[in-house]
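This document starts with one chain, in the form predicted on its own, laid out as structure tokens.
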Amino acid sequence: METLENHINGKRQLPASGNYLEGYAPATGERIALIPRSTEHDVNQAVAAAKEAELEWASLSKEVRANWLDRIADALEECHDEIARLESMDTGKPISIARAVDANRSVANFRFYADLIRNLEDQEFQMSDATNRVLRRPVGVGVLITPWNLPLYLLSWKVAPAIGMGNTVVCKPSELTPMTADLLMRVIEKVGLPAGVVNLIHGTGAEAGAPLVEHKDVRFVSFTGGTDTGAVVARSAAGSFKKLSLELGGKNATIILDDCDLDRHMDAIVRASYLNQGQVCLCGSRILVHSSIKEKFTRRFVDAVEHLRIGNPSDESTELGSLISPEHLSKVQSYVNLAIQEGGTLLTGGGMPCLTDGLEGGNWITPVIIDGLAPDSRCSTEEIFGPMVTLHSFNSDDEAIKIANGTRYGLAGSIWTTDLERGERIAQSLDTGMVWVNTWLHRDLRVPFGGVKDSGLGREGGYWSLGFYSEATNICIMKDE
């Protein structure tokens, strides 16, 4: 068991309160960490450190800051196996996913933004009698709040562009998954990043997150998490007019058209439904299937899901791991019961897999498929964030679009068809931030990421991130006559 510390002004610090939270491995239920239970005192120290480092860091050239991002990427790459191991242990996800997704992407995020910032040019607009130059300046001190499902993946996604644009930050990872945030800080201290540029505070949302968001010296907040918590963050930040980016929940639709090549795409559709045990905001938890192929699709989908390998996350052959916590397991189980109450049919899943070797105390559930629910039922419209999928049939493209748009969310979706023009036409009608056609989670880091409706506010990714993490200043210079 490890006792973690906060990281403030380039130094490790114990929580001022002397109190700790207990961290548990989701797959076994074992206690693996003591986590600082930080309070407003720790928050004030971290923000003060970021504030003190702000001017000197902002004064550095973009080339110098980009070089720092590359150094962090190099050091993270040296820790690739440790990232995967810690992420798998801390989240319960399979080690193969932690390696291919979390570890790889965390390094890639720093490299990508290093290149993007290094090549960033100020804009210039000519008038007949004047020249307008648009400069990008740092915003100031920012707060980065990240969730438990993709801990380092999403933290690096925020830290890299934020400091690359000259800001200083205080990070607040989920108290459920603190291990790789601590690793990132150890890497940052190892490479010698100036003290105070990146600070880390552990703790709960109420005791650490809230005072961070409300702090008078914080100029921007980037939050990824649940929609209800996002609403609280938005209200807290609104009074002081902080810049705000919110990436929130989703209830994404996977649309299977009548001409879908099931032989080619079934594995990808299963992956889109259950990656990381369905604990990804982009997962397709509603599968809409054309009625003409519904029976065939359902039979093949159920068979594929029942053959997913559930087991020890450290085993290379494991495809599904455990859920994040006993509380989240109870939530998913409650939705399985609700689905049956709402008139749904349980086709498979919902039970405890047969596991031994110390895994009996983990948060396990077999992947769930529910058929027969109304598209407007609670289980079909509320975010469950677990390995539970509902099946629905449709008879026309317009009906599929109506069902897909029939929730409070609008984050992502996917369409599966051999007619790409038809797929794109449907995609353009979906009220959502991202749509994939014949693929899923195929990410180009240059494109915008974010949702509409209750799925969030603003966009990050590529130049959208650089825009959020900076302030545009226009300088108009009158030409000599």
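Numbering starts at 1 and follows the sequence shown. As the structure is a computational prediction, the values presented were derived from the model and not from experiment.
Just so you know, the form predicted in complex with a small molecule exists too; it's not on screen, but the next bit is about it.
**Q** Counting only non-hydrogen atoms, which stretch in 333-341, 183-191, 138-146, 83-91 is within 4.5 Å of the small molecule in the predicted complex?
**A** Of the options given, it is 138-146.
**Q** Residues A210, G249 and E383 are flagged as a possible site; in the predicted complex, is every one of them within 4.5 Å of the small molecule by some non-hydrogen atom?
**A** Yes, the whole candidate spot contacts the small molecule.
**Q** So the small molecule isn't shown here. In the predicted complex, which residue out of G406, P353, G372, G226 has a non-hydrogen atom within 4.5 Å of it?
**A** For this set of options, the contacting one is G226.
**Q** So the small molecule isn't shown here. In the predicted complex, which residue out of L411, I255, V170, A272 has a non-hydrogen atom within 4.5 Å of it?
**A** Here the answer is residue option L411.
**Q** Would you classify N104 as touching the small molecule in the predicted complex, given a 4.5 Å non-hydrogen atom cut-off?
**A** N104 lies outside the contact set for the small molecule.
**Q** How about W68: is it within 4.5 Å of the small molecule in the predicted complex, going by heavy atoms?
**A** Answer no; every heavy atom of W68 is more than 4.5 Å from the small molecule in the predicted complex.
**Q** Given that the partner is absent here, does V232 sit within 4.5 Å of the small molecule in the predicted complex, heavy atoms only?
**A** Heavy-atom contact with the small molecule at 4.5 Å: present for V232.
**Q** Just checking whether S314 would be counted as a contact of the small molecule in the predicted complex - the rule being heavy atoms within 4.5 angstroms.
**A** Result no; S314 lies far from the small molecule in the predicted complex.
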